[in-house]
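Before any questions on how it binds or moves, here is one chain, the form predicted on its own, in structure tokens.
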């Protein structure tokens, strides 16, 4: 039985089985994608697209670890095997700047994203003159199958009201122990995990990695007092409120602490929400609710994108590019976005995220996610991004596990980031060291 067949057997979905699509007959296409937690919803929507239009889609679903190299090989050959490739936000600049993807308006000059579609801080566009992903002056290059930022997951039977500030979160540490083992779980594993998760805290305190990279100022600001305050809080939450060995905790462990009932709250990407109410995986079905990530008492809510983008390689024939566009336009429709949500996907349409579906208990994550999507930012959108992420991911982890003091970790990271920018010829500088 296919996913589509199972879904069509659900009475909750019958009302949405007729989609208002005007997709045209098109050549078969092949999509390269990773097996993310939201993959099931995407697969179901592909099956529905085939049923509605008669167009054929093949999916090559691979583990995340092999996706980038497969995508690189696919777009750099003389003839591509994939008509749509899925890319992490950390990779898209390489593909945009290298002219490996076809601007969507080169295929269909009438195409545009509606104002209701989340563009993940402009990452769906490429400004060739500025060599920067941004909507202003940019052309549409890709669409998001999942824009993906954090939500704050919390136990409604343990926490009376959603925490608004970090102080609210810290207060729950006083009740550490008892029925639930830990108050907060923090993501501390070395590399991308801690860099990505900590970015939300950094942004909420007004911190940054560099001063104004989109406008060419790469002065390193990672050892600012704002970033220091954020890191001190991060370590405090991990060590005083969370499980042991925080430096080894990744997203999978965070989810397990929540669904096993051992933790009260955690900041995890929206894509994990489906596991909270799955009775086969969760001991806390119906007990988890969602809010935006807390903020400093005198600060603002901020978050960071971990978005996914799907683009059309430049090296595939024109007819297959047109076929891929038919799928993209179908995917953006509200009917398809509604179906996608019901099938376990994460919509990018705010019309759906803030519409009638969001009133249902099952979709109680939708409105907080739509709210978070309005102030989430992209980071490291330049060619040195992967190298700098490794620097930050190492030094933050060393601070978390006590190998370096907070000052030493941030000063060391800032100096190493500065060295990278000097080497690549950026206009850069360095703040005085923290003491």
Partner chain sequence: MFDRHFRLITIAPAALLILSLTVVPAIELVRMAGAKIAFTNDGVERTAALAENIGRLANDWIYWRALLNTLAFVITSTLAELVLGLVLALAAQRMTRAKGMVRTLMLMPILIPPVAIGNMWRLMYNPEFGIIAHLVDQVAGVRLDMLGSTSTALLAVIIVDVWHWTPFMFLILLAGLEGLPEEVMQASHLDGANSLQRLRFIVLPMLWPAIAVAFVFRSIGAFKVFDQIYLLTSGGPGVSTEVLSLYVFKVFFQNNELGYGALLSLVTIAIVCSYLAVFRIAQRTKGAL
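Residue numbers count along the first chain shown, from 1. Small disclaimer: the values here were computed from a predicted structure and weren't measured.
Only in words, not in the display: the form predicted in complex with the partner chain, which the text now covers.
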item: Heavy atom within 4.5 Å of the partner chain in the predicted complex - residue from 113, 100, 152, 132; value: 100
item: Heavy atom within 4.5 Å of the partner chain in the predicted complex - residue from 373, 34, 378, 397; value: 397
item: Which of 362-370, 40-48, 25-33, 65-73 sits within 4.5 Å of the partner chain in the predicted complex, heavy atom basis; value: 65-73
item: 4.5 angstroms heavy atom contact with the partner chain in the predicted complex for residue 215; value: no
item: Residue contact check: residue 190 to the partner chain in the predicted complex, 4.5 Å heavy atom; value: yes
item: Partner contact for residue 386 in the predicted complex: the partner chain, 4.5 angstroms, heavy atom; value: yes
item: Residue contact check: residue 403 to the partner chain in the predicted complex, 4.5 Å heavy atom; value: yes
item: All of 56, 280 and 286 within 4.5 Å of the partner chain in the predicted complex, heavy atom check; value: no
item: Contacts with the partner chain in the predicted complex - residues in 256-286 whose heavy atoms fall within 4.5 Å; value: 256, 257, 260, 262
